[in-house]
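Okay, here we've got a single chain as structure tokens, the form predicted on its own, with questions on binding and movement later.
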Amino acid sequence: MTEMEENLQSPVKDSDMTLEQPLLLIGNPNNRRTLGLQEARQRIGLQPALVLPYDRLLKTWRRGGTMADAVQQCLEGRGTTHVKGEPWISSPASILYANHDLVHGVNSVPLIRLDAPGEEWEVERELLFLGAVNDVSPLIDGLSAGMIPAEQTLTLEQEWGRIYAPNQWFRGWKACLERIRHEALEYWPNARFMNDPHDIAIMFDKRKCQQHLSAHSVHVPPTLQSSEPIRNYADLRTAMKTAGMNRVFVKLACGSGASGVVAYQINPRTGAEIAITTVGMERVQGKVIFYNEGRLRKYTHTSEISALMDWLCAEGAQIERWMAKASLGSSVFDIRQLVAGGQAGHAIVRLSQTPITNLHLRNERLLPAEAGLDEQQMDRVQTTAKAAMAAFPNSWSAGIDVMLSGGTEPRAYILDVNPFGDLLYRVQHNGLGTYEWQMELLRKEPYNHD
């Protein structure tokens, strides 16, 4: 039994639970995120969140039910978090499925937290299905992204690492967010989301997020401008030449964890080109499939780079200037800064000798003090991260990736806003882990935005 599991099964501290706002957590049960949040709540004496699994919710919808049906199943003890076979559920009395703020002195209107839907194959298939059947506007007008017919999505066999129809997946994810928001507010008109589903959809779309931040005067790397849509590799080369940009990042618009990120540069004198990325390619039965390699690859042949760029542009890509990041020794770095409730909390410096700094690529991580970042540098980082979070006034928490430019007068730029970016290991703020810190903030100051 792990320490986390032991903690989850130990008695809850005494607290006046009747005064607590119940928490409805929509996520994947028993993964590191859900268990981490439940452990944090137990440690500080809060009752457990009621877990509504994405898998149960999506299947309930597909069978004609509603979020109400799925929540009711959870209240009856089905589909909740289990640890070593033992249920870990919120008291049914804590969340009543009714439009009442108080029932017998108990606050029954939940705060709703949406967590990441990833790392669960059944959920991935359901989102692909939703993306195939949902009638929403395409992400990119006139472009032909890969599509999997609805009838095939639910029988797909998982090929580890393969990236399945990301445009279609994102359509499904957006439809899921919209329906959660609609049905939750229909049944609990006074309910609050920790992060508003509309905001999550924007944060997930790197193109819209950067436009949104720029419109709120938050510094972001310049986007590659073009008078015509960039539909493929040839359009990309033309736009780069016109703009005089020889180095760009091409990012899958709805990708996360460096999935679909390419650092691409051209030598304007020789025409040589190089693309550094986590994306692997393989030809199977005459068709190129794309997958996450879990390590960096370097492509230098035009045939490979053009296939990669054609795919990214068709699925939807954010294309921006590849700006020089500040460096420590031979490594460049950026910072993942957690912001919650308007406060800057945990921070991790991510260092790499490549342009891509994500930690799961075995890049080095340091605390800001260990990296030698001074107060002035961290003030720039935190001020910019808080400004980015403030651009989403209906959302409460995000892990925000910030870079400092090089030179004697560095400026902070926002690279990404991660609505589920609080899964940070081995870092504390005010003596608390990321989940404990956020739950403690909520206990001291319940979240109520309008």
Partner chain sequence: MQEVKLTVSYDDYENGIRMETLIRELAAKPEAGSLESLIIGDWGQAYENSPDEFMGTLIELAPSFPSLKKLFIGDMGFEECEVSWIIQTDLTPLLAAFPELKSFSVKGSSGLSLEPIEHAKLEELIIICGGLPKSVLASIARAKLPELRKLELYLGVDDYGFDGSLQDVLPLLEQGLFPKLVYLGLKDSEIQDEIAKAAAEAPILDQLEILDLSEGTLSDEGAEALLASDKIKKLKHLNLSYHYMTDDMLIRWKRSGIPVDVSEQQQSDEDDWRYPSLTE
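Just so we're clear, the structure is a prediction, and the values are computed from it rather than from any experiment. Residue numbers count along the first chain shown, from 1.
There is also a form predicted together with the partner chain; it is not shown, and the following applies to it.
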Practice item. Report the stretch among 320-328, 254-262, 115-123, 183-191 that approaches the partner chain in the model of the complex to within 4.5 Å, counting heavy atoms only. Key: 320-328
Review point. Looking at the partner-bound form in the model of the complex, is N195 within 4.5 Å of the partner chain by any heavy atom?
Key: no
Practice item. Examine K241 and determine whether its closest non-hydrogen atom to the partner chain in the model of the complex is within 4.5 angstroms. Key: no
Check your understanding: Is R269 a contact residue for the partner chain in the model of the complex, using a 4.5 Å heavy atom cut-off?
Key -> yes
Practice item. Although the partner chain is absent from this view, report whether V288 comes within 4.5 Å of it in the model of the complex, heavy atoms only. Key: no
Study note, to complete from the structure: Checking R162, R231, K208, K298 against the partner chain in the model of the complex, the residue with a non-hydrogen atom inside 4.5 angstroms turns out to be K298
Check your understanding: So which of A369, M147, I274, V133 gets a non-hydrogen atom within 4.5 Å of the partner chain in the model of the complex?
Key -> I274
Practice item. Pull the contact list for 215-229: residues with a heavy atom within 4.5 Å of the partner chain in the model of the complex, in sequence order. Key: none
